[in-house]
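Next up is one chain by itself, shown in structure tokens, the form predicted alone.
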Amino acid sequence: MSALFRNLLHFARLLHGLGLDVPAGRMVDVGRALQNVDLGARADVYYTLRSLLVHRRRDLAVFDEAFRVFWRPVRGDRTQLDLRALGERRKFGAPEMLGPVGDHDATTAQAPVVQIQRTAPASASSQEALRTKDFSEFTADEILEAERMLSRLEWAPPSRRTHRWRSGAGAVLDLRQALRASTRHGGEPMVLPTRRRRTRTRPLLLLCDVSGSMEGYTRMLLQFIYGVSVGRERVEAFVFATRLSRLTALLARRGAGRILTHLARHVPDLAGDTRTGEAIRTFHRTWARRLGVRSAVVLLISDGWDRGDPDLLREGMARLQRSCHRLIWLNPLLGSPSYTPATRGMRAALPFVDDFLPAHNLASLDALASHLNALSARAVSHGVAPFSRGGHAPAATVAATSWN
């Protein structure tokens, strides 16, 4: 590994600690881009890093300050210094203390040290405010606190009655047990035992969009998927951008915090375009029968910015709704008061969605947990639920208007 790439990794760590969203694997793209840039032109390096690492306007000031501190400013627009030697970690001082970097001469050694303050973790008194904050605005420490809060949610997917019977209090006479008991009383039916249907938890299928437009929500939604699936049977998780990738095995082996670092290796189209229809078609052709998730509760998580064929998406959503117990679309953009599902992908999918709910903050996921816990075990009529704008009504209340 070259010295330049090591320094870029240090710089990415610094940006992540300051609350910027630096996706896993993005530094590989940065390294490739810098191969086509004149490293002697500081402005070219700056704009290359900024275009690939900054995704939100409010992060520009933080990035500029971090770049100024980490990559030592020089006089003029060009320099003869080799930027591969810049950004080296100093051999003394606290990890949070970064001084001006560059040539290790006497002048630099005596230069004043610049401290970049990291955001303090959320305290217990600020947890209520954290519940209503949009995931895309979280700092690194707020993400850690939110993950702990999300891990405490109680998820109870609905159950269904099977064709098997079990002895116990019920409305149906258990003739086999009644005849067996009558032999102890000379053939007289002194006891009339009853039986009831066995129940089994419905399968839970999660389909999560990890395309470029969802980068601000990916980490928290992966934590949500992990919290729903850990310790439960018959839970299948998939992620998609341009194609579908199964995530179930990775969730079983690793905690949610380590999934993101390995996601780029398992999902080659991470942060790419969105092609929901093709992903759903791949699921039906490759995985549906193999996994046995018929009559499952399906959670499809996406912002609806689809680049694929709307007719293919419409066909896939119709087939998915016919085969599942409940089809719930979670859209992070639904938390905005001005949001309207006007994209062609959302217009094609909404007629086949049973519940259209937000998934942009902890409060919306808390409401989703209550909604899942309250779902009836009997069959429900399919029909799109009205959606809330900006959280003016609780998500569980909005969803309750659409199921029996």
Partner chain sequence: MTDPMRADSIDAVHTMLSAQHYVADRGLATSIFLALRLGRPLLLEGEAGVGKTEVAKALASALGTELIRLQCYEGLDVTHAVYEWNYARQLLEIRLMEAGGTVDRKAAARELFSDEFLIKRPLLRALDDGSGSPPVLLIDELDRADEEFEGYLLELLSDFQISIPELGTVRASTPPIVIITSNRTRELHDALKRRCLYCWIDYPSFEKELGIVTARVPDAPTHLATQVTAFVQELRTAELYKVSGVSETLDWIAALVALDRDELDAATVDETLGIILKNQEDLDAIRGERVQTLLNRAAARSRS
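Numbering follows the first chain given and starts at 1. Everything numeric here is computed off the predicted structure, so don't read it as measured data.
A second form of this protein, the form predicted in complex with the partner chain, is not displayed here; the remarks below concern that form.
- With the partner chain left out of view, the stretch that reaches within 4.5 Å of it through heavy atoms in the predicted bound form is, among 183-191, 325-333, 296-304, 142-150, 183-191.
- Using a 4.5 Å cutoff between non-hydrogen atoms, residue 290 counts as a contact of the partner chain in the predicted bound form.
- Proximity of residue 68 to the partner chain in the predicted bound form: non-hydrogen atoms within 4.5 Å are absent; the residue sits far from the partner.
- Although the partner is absent here, residue 54 is a contact residue: one of its heavy atoms lies within 4.5 angstroms of the partner chain in the predicted bound form.
- Although the partner is absent here, residue 232 lies well away from the partner chain in the predicted bound form, with no heavy atom inside 4.5 Å.
- Put simply, of 129, 249, 172, 175 only one has a heavy atom within 4.5 Å of the partner chain in the predicted bound form, and it is 175.
- When the partner chain is considered in the predicted bound form, only one residue from 262, 133, 198, 243 comes within 4.5 Å through any heavy atom, namely 198.
- Of all the residues from 338-352, none has a non-hydrogen atom no more than 4.5 Å from the partner chain in the predicted bound form.
- The pair residue 136 and residue 44 separates in the predicted bound form: their C-alpha atoms are at least 3 Å more distant from each other than in the form depicted.
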